[in-house]
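Starting off, we have a lone chain in the form predicted on its own, written out as structure tokens.
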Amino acid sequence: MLSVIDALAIVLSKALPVISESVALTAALNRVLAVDLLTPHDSPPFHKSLMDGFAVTTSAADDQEMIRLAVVETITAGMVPSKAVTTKNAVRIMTGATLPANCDCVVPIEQVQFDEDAPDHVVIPRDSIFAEANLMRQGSAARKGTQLLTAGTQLHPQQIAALAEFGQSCVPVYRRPTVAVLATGDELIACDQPLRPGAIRNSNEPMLMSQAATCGACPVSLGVARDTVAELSLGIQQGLEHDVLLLSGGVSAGTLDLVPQQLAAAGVEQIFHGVNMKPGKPLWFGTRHRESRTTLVFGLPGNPVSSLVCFELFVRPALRKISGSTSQNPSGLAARLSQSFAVKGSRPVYQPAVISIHDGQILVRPVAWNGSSDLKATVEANGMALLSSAHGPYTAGDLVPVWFWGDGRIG
């Protein structure tokens, strides 16, 4: 069987970015930028004050401890100064306002003697006047034509703000990939139906739909395909109209595990089947090429924790790449075990766990877990720890790799 590292490398080699589109800035949050963007003008676009105070020239400083200057103008943000400062005068100025000519210092109002009832002069301590104080020069943050953002950047609020500052009202981003989800199995019933003997509720479909949504993809439900050639074939054909097709169940070696055969019949090329991991060993991966679309197909194990883990390890990085992100495969963080732990079996285990920060350290606590069908155990977890039987018994304090699930929140 392939290792997780090798299997992921294969998946990412087959994942190609989708085409781009332009969206309004208000719709660009969490989208991935499709092109490099340069700054269309300097930032700031003019010399500006960083304080409410008085704009002066340092040439006004003389041997006197207190310097009296005439106030010739008041400038608020958005105004254009009409007076220059000299050795004999000052301009009252507000934060963000354009500096008057000759100004190379802004003295905060808290440091001066100024009477609102006699606003024609101000007295400034000589020690408060020094070059380039409390001002920002044009272009000091960014010069016109320099790099603003690079293609592959996911747009968070701070990038949205920068795009707004530079007038980017329409943003070229990669199209959100569509992810079709097809649950399989005669035993599945909807979550609003009463249990009957031998039946289980369909938890994989809403879980995978939710996971796809947290990737910024557009999930599409294909419902449940029963264990018949006709239903599987129809569901697969519908799923192959999308960028990614996720099937849950039917990829092991049981009599009714028909998924691999029906994928082959639909023209899907098998790339690998089986990964050396627990849970998730039966993972199936393939591709189908047609015209301008390549569909990535993942046959996920039917047990819910297996599907969850396989999505996080393989599908999420693939979705990040086809969404245009330059960061597809974050390595596991190093965390310290908060308790001893022994691994059963020979395969590497991606153990559901609680990841937290305590006293500046990342800690991980494995949750009590009864295997790949024990979905209840994952309710407490926010990630997983990679544990290996080759390591031998783990003790509290050992460093192990951990991965967050979903949006990667601690707590």
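In this text the structure is predicted, and so the values were computed from the model without any measurement. One rule holds for the numbers: they count along the sequence shown, beginning at 1.
Not pictured, yet referred to below: the form predicted in complex with a small molecule.
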Looking at the partner-bound form in the model of the complex, is Leu313 within 4.5 Å of the small molecule by any heavy atom?
no
Taking heavy atoms only, is Ser203 within 4.5 angstroms of the small molecule in the model of the complex?
yes
Can any non-hydrogen atom of Gln168 be found within 4.5 angstroms of the small molecule in the model of the complex?
no
Taking the shortest heavy atom distance, is Ala212 within 4.5 Å of the small molecule in the model of the complex?
no
Tell me, please, which stretch of 298-306, 81-89, 152-160, 316-324 lies within 4.5 angstroms of the small molecule in the model of the complex when heavy atoms are compared?
298-306
Identify which of Pro177, Pro100, Pro279, Gly250 has a heavy atom within 4.5 Å of the small molecule in the model of the complex; exactly one of them does.
Gly250
Counting any non-hydrogen atom inside 4.5 Å, which residue from Glu73, Asp104, Glu231, Glu187 sits next to the small molecule in the model of the complex?
Glu187
